[in-house]
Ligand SMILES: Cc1cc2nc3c(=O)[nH]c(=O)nc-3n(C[C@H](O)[C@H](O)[C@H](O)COP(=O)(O)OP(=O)(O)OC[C@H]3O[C@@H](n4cnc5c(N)ncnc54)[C@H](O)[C@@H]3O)c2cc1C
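Given as structure tokens, the chain that follows is alone and in the form predicted alone.
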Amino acid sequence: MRFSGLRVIKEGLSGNKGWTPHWRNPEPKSEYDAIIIGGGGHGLSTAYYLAKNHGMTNIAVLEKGYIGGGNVGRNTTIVRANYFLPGNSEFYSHSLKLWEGLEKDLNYNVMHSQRGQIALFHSDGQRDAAVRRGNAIRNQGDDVELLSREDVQRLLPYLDYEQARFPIYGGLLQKRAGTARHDAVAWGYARGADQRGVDIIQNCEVTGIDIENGAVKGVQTTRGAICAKKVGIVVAGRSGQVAALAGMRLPIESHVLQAFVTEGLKPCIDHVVSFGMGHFYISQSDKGGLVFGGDLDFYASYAARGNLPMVEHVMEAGMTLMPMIGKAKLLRSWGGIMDMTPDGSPIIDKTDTKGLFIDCGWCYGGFKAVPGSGYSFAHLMATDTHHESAAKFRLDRFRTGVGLMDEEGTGAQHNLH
């Protein structure tokens, strides 16, 4: 089933009775060529690109819950490629290029909106840092513009420009950045993978990983044993727990990140805006809700819910930046489990167990990385070599100290990234 404008009109005139399910609901087979543990955005995109780019179709994606129920449906939907350090910058540049062709590739509307992101700065030091970052972004080949205070005031007239504590000096604009619909991204990749023969198996929790003579043989699940010579772990905040099933201890802490959405309002925020003096970022959804978030809860947890002190902290940052937000009624909040690495950068690598691969440690960058992560992880699983865009995301950098990518400059402390 392909989507088109004519098909939408036809179904609308016939009571929408001709639509079929986006993907099958198969029973798991006893053996696959490859198993992907985790049916989030990264896992589904990995399966999709394994099938599309490498011709592997005998694949199973095992999801302990339902598709779209994890972090891929618990985020603020921001897509950007304004990273500073080599290793990160080329990866997110590659991922953004995939985003720009994703809807055509999947034949699915993921509502990718390149409305632009403005990262504000509030001091001379932050301006200097923004200039350095902007030059690095341009050297990578991506777009960026340095905005003066007057430029920002013209584009974002609703900010507080009169305060003395956090004066707005300007901002860094990336016009190609923006947002996408998180649920649609999961559904689009699931549909695309299914159409290429991938089995998407929901309500199938992995309870063990079978290893013999240093090589993976398959997994144990709540729906029985499944054999495979290649297994990829792509489970975000649960990476440490699942890796432990294979006897691995990952350099990861899991923290909760809360996000919020208000009631629907008339269009008032045209961009993604981030506050330079508080970890606060905001955009407006197509339904009118203001979608925003802030810092982690700052303690390790596997609970997909937040705490009230952090709610207050995020609201304070929002009110400091744009007092108008105080008139909006908060509709709901949610928490995603973030897999935080000591240097704030991800891991895409082989493990010491033959046939066992790991994709984790996405910190704050998980949603925007969905296409690039799946593309490069599929390349690694299929060819046993790293894709050039993700060549520096090695696991052993935490053992040797060589090649660490401290994007935030905050040192080896998980919760500060």
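The structure presented is a predicted model; accordingly, all values stated were derived computationally and were not measured. The first residue of the sequence shown is number 1, and the count goes up from there.
The same protein has a further form, the form predicted together with this ligand, not shown here; the description that follows concerns it.
J.: Which of these residues, Leu290, Ile118, Val314, Val72, gets a heavy atom within 4.5 Å of this ligand in the predicted bound form?
T.: By the 4.5 Å heavy-atom cutoff, the listed residue in contact is Val72.
J.: Which one of Leu62, Ala390, Ile59, Met381 is close to this ligand in the predicted bound form, taking close to mean a heavy atom within 4.5 Å?
T.: Selected option: Leu62.
J.: Quick one: find which of 350 to 358, 381 to 389, 38 to 46, 24 to 32 has residues within 4.5 Å of this ligand in the predicted bound form by heavy atom distance.
T.: Correct option: 38 to 46.
J.: Indicate whether this ligand has at least one heavy atom within 4.5 Å of a heavy atom of Tyr375 in the predicted bound form.
T.: Tyr375: no contact with this ligand in the predicted bound form.
J.: Heavy atom to heavy atom, is Ala193 within 4.5 Å of this ligand in the predicted bound form?
T.: Judged by the heavy-atom cut-off of 4.5 Å, Ala193 is well away from this ligand in the predicted bound form.
J.: Please run the contact check for Gly336 against this ligand in the predicted bound form: heavy atoms, 4.5 angstroms, yes or no?
T.: Gly336: yes, in contact with this ligand in the predicted bound form.
J.: How about Leu321 - does it come within 4.5 Å of this ligand in the predicted bound form, if we only consider non-hydrogen atoms?
T.: Result no; Leu321 lies far from this ligand in the predicted bound form.
J.: Which of the residues spanning 190 to 223 lie within 4.5 Å of this ligand in the predicted bound form, based on heavy atoms?
T.: Result: Cys204, Glu205, Val206.
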